[in-house]
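You are given structure tokens for the same protein chain in two forms, set apart as structure 1 and structure 2.
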Structure 1
């Protein structure tokens, strides 16, 4: 091989997707190259649609314009101009490519190239697909990998619940219940109406009795075992639909402090799932951790458990769990820490003077939290509270926030915590807050909006938040001024993608020459999803759920929703992999990634993701204008 051919081969081998090819196949591709020298101002076109051309830019610059003559982007050294080869553009070329600077390019006949790459379908797919299509393909692969290593997020309740359901009449004796549990080797019975025992329905369910109920409410207090089951059964029992995931069962049990959950199918009682079932099913031990947390008797015990969080995140990442699964698992564990601390606080302080709701905000509320994020929390208190009642809630907030801090969840730098009296208010004040933020969207109001429009109830009276949320969504849905200001504020964080040299990197300080995946990649998608949801009056706060529920609405087309979800899942997977490497090295985790630290193909996918975000931001900006 002469020097010039070797140099060309080395160059082509450095560019995705040609870096995937074997050496012999790469050599064949290089022999098909035509070397072209182009003058500034020349046009490249695909007028001959039966003979599309592929261009590799060795030196110089090309720019391409959309059908409306709008500048779409640029190609420079090392870029592949495959715009004329993409399936959707073969018959109707959407753009014009113009030589911006004198250029040296390598041209390939795409039909001949496809014939050469017949045994490398992934390379053809890369060249034929648009940025959006490549992201969708990557998302599919991530989903397939996650399914292989799936756990609670992907396992259906139907895969491990107990059937048939063990039931008993409310008039049966406690002794009868104990005998039936022993005979059937179960630890609980659903109490149903006598007439419905052979075909129980959810309407027939009266309560539940567990072995723990017999110990605590009968034996421990000396109640005769001849008494009726109805004397010790638990009323108002939650249920879960058979189509739900094991994760949904975990969240329901964690939030309600229960260990048994009746399963329904088409509205009828079908079976039972227990925490033991979840523990046996949960290979990554997230359920075990929540169980240990619930049993902790001191903050020092909670601190010891909290040190396992980073190990859990690393383990989940190693096993291929996707970002949605990891975020929900970590969020569920953080919820367990919070619940246990609230219980400890109430044991110390006594019962609350009035009903209240402890709220999580930000990533925890969205169920997108990673190990040891900072705290974002608040309190909504019943309007019947008296001024002197605030002392109790202040002590509660201090106890819980200090406990979370000891467990590694640092205090919020912006003081968005229940310890701040501003975020510890009765329900009527929260109504006023949201009215003010929506009606007068100042810079400070928009900052608060980015946090407090993502709220979920961790403990207490869920109706307190739901009432506020319903009224707030009714306002945001009809407030074009607020949505416009929210959009303008969200568009300030742009993806780090320049027209030249691929990425715009941070150029100073500790994170020099890196990309900030969180603030310039993931956060813009979170912001867009929030805006779409508020525009449509959708109550969901999880980013993927928001995009999914907004899909096909006036705010967001189905295709755009799919593209944003694909970009979000890819960026979060890269972030998790990066943090996994830091955890293995014993370093503090962050979201700053060196593009040189990932493969060339992954860098191309990063560019694809950033292009999707930029396109959606540009569209949103034009809609606002």
Structure 2
């Protein structure tokens, strides 16, 4: 149009969603503005529900007060106040808006604005939608971006697997297997019961046999090739459903260090997917890295590989993989390090005196680890252990824990490690621990031990932990006192209210200079997910899985689950981007973000995420009382 109002136009254009508008449209919007000068203490009109108004703060400050006089936000230069325009608030605004410092505001009649922006519905949606709705669309956009830049994440196993599946009976000879593999040009056969050769269900699967098995377990040890396939097959093989993402297959293979995964469709064996299939389709080296780790013969070699971990995180971030996938990749690699160290320790110390399992706790157990977080681990040992056996386990723990530290996984500051005698106990002691925590929960004990409610087995006898978990979940489900204590604990870390100028605004109107994304954003969601899972007796430990599985239960409505997942995914994506920048600059990574570095649009989304968390925490709090 013209640039007579260039400064006002530039100001409006810097505020989302007006940044989306074309120049002519923006010019029209600017000419709809009424400039008002409001005095401290004045209330912004909320009574006029017929004519909702939108306010852009040019200078000064506004304060949002909830019905109970609680401060819920502060808005200043460059902020948009759309509270009266949000669909859900039109009739009953959730708070009053009071002028905090004399303010020059640009006011827009929302109905007139809507008419003007009829061809820019995304701008109106941004103003009209609730925090929850905006987060959902942000989440959708994040995953769309991921589709564009990453391939395995959003393609299903169906796009990669081999068909038909080559099977063999367990009684066939090893030579028959080798002939069949050569004929069919495959490197792996699924061993199935002869009876079910035609419609093999996953139950019929007895094991698999790979050419590596023939090499290592037959030829190398001089086993006659006339022996049965069942003599050398690998038992108890995992399978993957055809609907899973290729990424899930990759993670399953990476964490178990296997290269073939039978694919099932409606429970029937359908085909086979191999790591080569996936790697060829993705410039992705998590699998290569675990493979190098597995082959490493010394700690110094492991240390060398560990230096690549940060690069891998950066690369995955660049590829656009989402936080869930990156957390799973990094956790799988940490698992590979741990496994290799345990193998080395067993070589050095001789076999374990009794069965045991090496457990990961915290973020590694949840598969939410990022490069070089601290180590949280524990040992659960078979009850048959004798007191003198502990010496072996102590040496194992020390060897692995020191090795991990050398690889950059710092010792747990809270001493939650298998080297601590307290966390290196027979199974019966673990039963007692959980009984005590659940029956006599004190806030302090739980603060220290909530990490143990997120456990997974890295190595060893899986049943040791699963027995403890089953018993524990049966208890937590019915213990309202325990859940109340967990909730009280979780409510200690509150999300900020938002931003005020270049500060983070926290409760009671106080300011923080930096945003602690981990403790004030991500951790509260992780805590909530844990509470829902323990209340519902759900065994999953990964946050998104917990929320997904709890969705629609008494603890968590479907809509709330979706909102929390969207908030979680957004916050973790911000953290990854932040760490990506730090890694690029060669700095050490953290989760502290300078508000000055956060764009206006990102601030809006962060506020939305905080609001979702706060709403769920408040709901929990009322449930506790």
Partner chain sequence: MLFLNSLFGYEARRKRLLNKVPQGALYDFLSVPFPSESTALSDLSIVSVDFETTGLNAATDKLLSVGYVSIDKLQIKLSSCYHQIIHIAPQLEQQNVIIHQITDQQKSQGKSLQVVVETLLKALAGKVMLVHYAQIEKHFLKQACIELYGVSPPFMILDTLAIEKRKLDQRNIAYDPQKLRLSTLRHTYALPNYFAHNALNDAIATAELFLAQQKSYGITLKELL
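By rigid core we mean the largest C-alpha set that fits within 1.5 Å across both forms. Residue numbers count along the first chain shown, from 1. The model shown is predicted, which means the values in this text are computed figures rather than measured ones.
Between the two displayed forms of this chain, it is structure 1 that matches the form predicted on its own. Residue 337 shows a C-alpha shift below 2 Å between structures 1 and 2 [criterion: core-superposed Cα displacement of 2 Å].
Comparing the forms between structures 1 and 2, the C-alpha position of residue 254 differs by 2 angstroms or more, with the core used for superposition. Comparing the forms between structures 1 and 2, the C-alpha position of residue 615 differs by less than 2 angstroms, with the core used for superposition. Core-based alignment between structures 1 and 2 gives a C-alpha movement of 3.7 Å at residue 181.
Per-residue C-alpha deviation between structures 1 and 2, core superposed: residue 101, 8.3 Å. Aligning the rigid core leaves the CA of residue 39 displaced by 7.9 Å between structures 1 and 2.
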